[in-house]
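Take a look at this one chain, the form predicted on its own, written out in structure tokens.
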């Protein structure tokens, strides 16, 4: 259990939350683990299969405008309780207003993409530093790609339209994936990538990346749901029926830092090999069912790692990053922050 951004995150399975005067009390196996004054909170997020709350606490939270959301231990959104207060509709109306205003959308999307490119550049530079000494050719290719991405980051700040942002991001993504093969050091000729392919993925590396991106998207969607934002109304990705556009926006910051690094770890350690994939008649390369479980386990393990959040300057698990960024985005939309502070890895 820990507080970030006036949100109480409860991760201890078996916990029971109840109202204790003007505070929320978290009890576990008959013992009080924590008491937090309700007026200090704006949200309570529970992660576990067996975490409950009393009706009295839910009523008090509804009256105080504090949301309570319930998630699986892996972060999938299950349900939320909210009262009749107008906070969420005001937040969503502001979200819709910004999404309809191209200049406002560009300001948010540019920060998200700048973080995406900076985090991708960090992955390239880290690989060049860790493995480049064994292959000057690899180090040179990674360094040149990192330099090219740095130029694209500078261009984002001068882009005035969403189409311009998309063009710059597309060029940077093409550069990033053109050298992605140099990040693989397991020397298996069957596990290679020659560029990004999707719908369907045409090689094992793309199949693994696509699966991890789906997991990341679901985590971002859950995070947005839990703080009252509409996951379908994005700033960079525009409206399309059934598409969680804002979740796709939010996940951009985490693609390289979370998903790509999990994929590279699994492949370079040979925890996932060519034998873990199958090729469908359509040519699509897919993970086998048992291998998906292995990837899911690695994904959940990675989310338990901790870092110092660069904006909050607090120690947090990687699994909470989408939730914290969703709440920072909500704060920006409410006017509490002048700009959206997208996540930057160090």
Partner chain sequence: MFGEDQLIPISALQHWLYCPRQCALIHVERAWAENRFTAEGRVMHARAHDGPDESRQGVRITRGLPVRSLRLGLAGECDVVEFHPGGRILPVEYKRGKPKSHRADEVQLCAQALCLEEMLSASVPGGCLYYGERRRRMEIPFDADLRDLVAAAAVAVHDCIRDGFTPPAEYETRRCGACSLLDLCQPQALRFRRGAGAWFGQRLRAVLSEET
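Keep in mind the model is a prediction, meaning the values are calculated, not measured. We call the rigid core whatever largest set of C-alpha positions still superposes within 1.5 Å between the two forms. Residue numbers count along the first chain shown, from 1.
Below, we turn to the form predicted together with the partner chain, even though it does not appear here.
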Is every one of 118, 327 and 339 in contact with the partner chain in the predicted complex, taking contact as a heavy atom within 4.5 Å? yes
Is residue 59 part of the interface with the partner chain in the predicted complex - any heavy atom within 4.5 Å? no
Taking the partner chain as it sits in the predicted complex, is residue 130 in contact with it (heavy atom to heavy atom, 4.5 Å or less)? no
Could you confirm whether residue 143 comes within 4.5 Å of the partner chain in the predicted complex, counting heavy atoms only? yes
Does any part of residue 49 reach within 4.5 Å of the partner chain in the predicted complex? Heavy atoms only, please. no
The one option of 239, 147, 137, 101 with any heavy atom within 4.5 Å of the partner chain in the predicted complex is 147
By the heavy atom within 4.5 Å rule, which residue out of 122, 197, 232, 178 makes contact with the partner chain in the predicted complex? 122
Region of this chain that lies against the partner chain in the predicted complex, out of 273 to 281, 310 to 318, 50 to 58, 289 to 297 [heavy atom, 4.5 Å]: 310 to 318
After core superposition, I'd like to know whether residue 19 moves between this form and the one not shown (criterion: C-alpha shift of 2 angstroms or more). yes
Distance trend in the predicted complex - C-alpha atoms of residue 302 and residue 42, change of 3 Å or more: closer
In the predicted complex, the Cα separation between residue 332 and residue 40 changes by 3 Å or more relative to the shown form; did it shrink or grow? farther
